[in-house]
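We begin with a single chain expressed as structure tokens, specifically the form predicted alone.
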């Protein structure tokens, strides 16, 4: 029998639903579950009223909450989502796969990865990394560097557009908003409208006052009246999405609004010959398989390909064969989700091209899943250009005679470079990492860690919290009554 689940693709502050004139219901289903997703009909007038309401609630409550209290709430929310018996977690694991096509296992791994990096100590460390003393967010604090007093002020309202490629990611935007004591209005993507509303229901359970400063809605992208109403009320905007969508939005955001854009990005890996040894090979290919399988390779952090240096104990071709075994094991543990006919066609086109190259005797190797398009590994000599993967667990393995020779192929990608896994294992590694940084790579990690950034990551090369703040410095040398030094 089909299980029917009633779900909300929105979250509104307590008492605000009276402003909603109508609701719509979208139905999604697979073989066992039907999700009836309810969402309000949205207009520019409604968004204007909602944004004003959020700012007033923020002024009444969130703006006056100690940062320690805010972090306690966020920590508790993460811990609840890490509890496998938590009802909202189970609801997400049932409904998100139906809507997105991700497998339950991928969604569960995504939630765990996001929440495990969002606990109390991680948040304190992120704040200290970006602003030194988190108590600057509460009041004026003594700054020994200034020999005066400083305070950080966040926006009153942040408008954020979420993407659909990483289940669980939207919580990060609400966390960042709360940490800078800003109200937040989030627009969910059509492809993943479930997690953000559920996360705010968790915040409501823990701290209703904080939840009243947050909202989630959905409207079709490009609804100019609605988007202009949101931006006209905002002090800051955080955008996730493709190049065209982000460019279109930024053109319509009024001057004076801080804009952080997280657009389309590319990732890759590099393994030097000293790391290509028989000892440890099983762990290394498992790490690369994880990089490629997490989020079904849809995340900007995911690798399109790995460059492998020739001359090690294990050749790039042998590595590709071993990787295929790891990919098969990963698919059993964390199955790939369903994909569209167009996505399947892109993978089959890639496979067909390299099947022909193999028959022709070219120096290539194609290893694929025995049934369907679950995973694909393609080895070839470095083509000298960076070729994007069709994704959905299709990974290039490029053989190179010298890792430094890949740099010219990476250089033209400067606007899109984000994440690189590097394992060289000799004295060249420091110089190679320096060169990647110069080329525009904003995060360098180890194989198996590409999809697990910490809260301390300078997201796309910026400080995601500090970039939202405005500072006030007091350089008076005489005594100021009531000002004192506190540190956490």
Partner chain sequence: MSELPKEARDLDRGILAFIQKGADHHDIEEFNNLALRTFEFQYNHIPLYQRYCQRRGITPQELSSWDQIPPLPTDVFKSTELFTLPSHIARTFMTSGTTMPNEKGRVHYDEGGLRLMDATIFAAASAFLVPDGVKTLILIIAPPPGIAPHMVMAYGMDRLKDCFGLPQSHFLVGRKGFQVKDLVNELHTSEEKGIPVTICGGSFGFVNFFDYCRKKRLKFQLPRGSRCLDAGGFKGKSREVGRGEFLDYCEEFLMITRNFCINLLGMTEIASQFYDNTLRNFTRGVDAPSFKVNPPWTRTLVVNPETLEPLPPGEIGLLRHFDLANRGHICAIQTDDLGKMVEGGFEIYGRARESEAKGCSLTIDEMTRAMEE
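Numbering follows the first chain given and starts at 1. What you see is a predicted model, and the numbers here were worked out from it, not measured in a lab.
Absent from the display: the form predicted in complex with the partner chain. The rest refers to it.
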Have a look at 352-360, 327-335, 177-185, 199-207 and name the one stretch with heavy atoms inside 4.5 Å of the partner chain in the predicted bound form.
-> 352-360
The partner chain: the contacting residue among 248, 232, 348, 315 in the predicted bound form [heavy atom, 4.5 Å] | 348
Though the partner chain is not shown, can you say which of 387, 258, 128, 278 has a heavy atom within 4.5 Å of it in the predicted bound form?
-> 387
Any of the heavy atoms of residue 341 lying within 4.5 Å of the partner chain in the predicted bound form?
-> yes
Taking heavy atoms only, is residue 372 within 4.5 angstroms of the partner chain in the predicted bound form?
-> yes
